[in-house]
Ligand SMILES: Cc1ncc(COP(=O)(O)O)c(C=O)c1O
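Shown next as structure tokens: one chain only, the form predicted alone.
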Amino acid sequence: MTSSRLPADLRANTLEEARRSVGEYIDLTVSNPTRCGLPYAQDTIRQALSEPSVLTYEADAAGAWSARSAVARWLGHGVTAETIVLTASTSEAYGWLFKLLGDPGDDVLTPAPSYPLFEWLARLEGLRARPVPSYFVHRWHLDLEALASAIQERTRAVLVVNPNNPTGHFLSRAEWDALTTLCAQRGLALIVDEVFADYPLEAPPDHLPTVLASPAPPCPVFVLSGLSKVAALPQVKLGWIVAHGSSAEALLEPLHFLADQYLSVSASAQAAASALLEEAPAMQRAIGDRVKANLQALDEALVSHPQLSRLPVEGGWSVLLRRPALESDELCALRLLQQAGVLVQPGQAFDLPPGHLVLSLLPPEWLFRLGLERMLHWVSVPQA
């Protein structure tokens, strides 16, 4: 009775079932900033969400002009309100772009490792997401040869995340130039997710902080972000699509048609956009301080565990812990939860090669240190 686009099995996986049954534990996977004790400007946020203008409704397919103007000011780099379409989330933005660019049965190329969302967002629109692995040599690299080889007759777009979640990989300027040239040559659009772009950590000198700083690309480029990460406000539900370059702007009219069928962004989120973006720098500084402190705590803890290491974190809120692959990452994560009372993500959930765990750097510093203290001596001990 249900669509074949939905999962055949909706039961929780083994780690999720164990999480529900263990009682108390330290969550080193938490990525919801509102649950991490950060210093929100509560009065300002409440006031912004209760603007008198929310009592009236004026439909605009692209979103309220005032909100789009606020987003354009925030983004800079010559972005204008005319090139922005507001959405309720970046997930919704992906759905609209997949509808815009593809027909059922077409495919999009997605990054691997990456967050396990793209497969289902594409599938729900009747498209197929085909992951293309990146490779790690001292840092992560986009495999441009693999991307070129993966393009097929029904490929419609390439999706990249800058910086990637969970690897933290920022595109290099050379990668960006080669990627846009490839897409132009093969007639593909490029979707760039930059939700974590405001959180650089160990970014190398040649990284591209935002693709919006680049000259107009030779292929259609759509840049995604939103308040969820920019202002650490996932509950406000305001995202955006920026059409970057003339070839993308030429697709704004059909994109507006799609948006007009939904009109999904709430009046309160749009009315609050300007005030909330004014608060964003303070929140980003607080998160940056938190992430740096937790990364330092991990480095200090790893001194006593030479069998373990962590990969560079160019940007974002996650860190990859590398361990001896004596058992599967899922079994290791399950054992850490049951024996140490600490929840981490197995690398396989993100298409990482064996021997990786994924930790969030957002928890309060004292809790992160306590979680490390409990878990690290268990990590390399195989299941008896």
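All figures in this text were calculated on a predicted structure; none of them were measured in a lab. Just count from 1 along the sequence shown to find any residue number.
One more form of this protein exists, namely the form predicted in complex with the named molecule; it is left out here, but the text below deals with it.
Peer 1: Taking 91, 115 and 161 as a possible spot, do all three reach the named molecule in the predicted complex with a heavy atom inside 4.5 Å?
Peer 2: Every residue of the spot touches the named molecule in the predicted complex.
Peer 1: The named molecule isn't shown here, but in the predicted complex which of 252, 101, 195, 132 has a heavy atom within 4.5 Å of it?
Peer 2: That would be 195.
Peer 1: Considering 165, 210, 83, 155, which brings a non-hydrogen atom within 4.5 Å of the named molecule in the predicted complex?
Peer 2: The residue in contact is 165.
Peer 1: Do residue 228 and the named molecule share at least one heavy atom pair within 4.5 Å in the predicted complex?
Peer 2: Heavy-atom contact with the named molecule at 4.5 Å: present for residue 228.
Peer 1: So if I measure heavy atom distances to the named molecule in the predicted complex, which of the stretches 195-203, 257-265, 290-298, 174-182 falls within 4.5 Å?
Peer 2: Checking each option against the 4.5 Å cut-off leaves 195-203.
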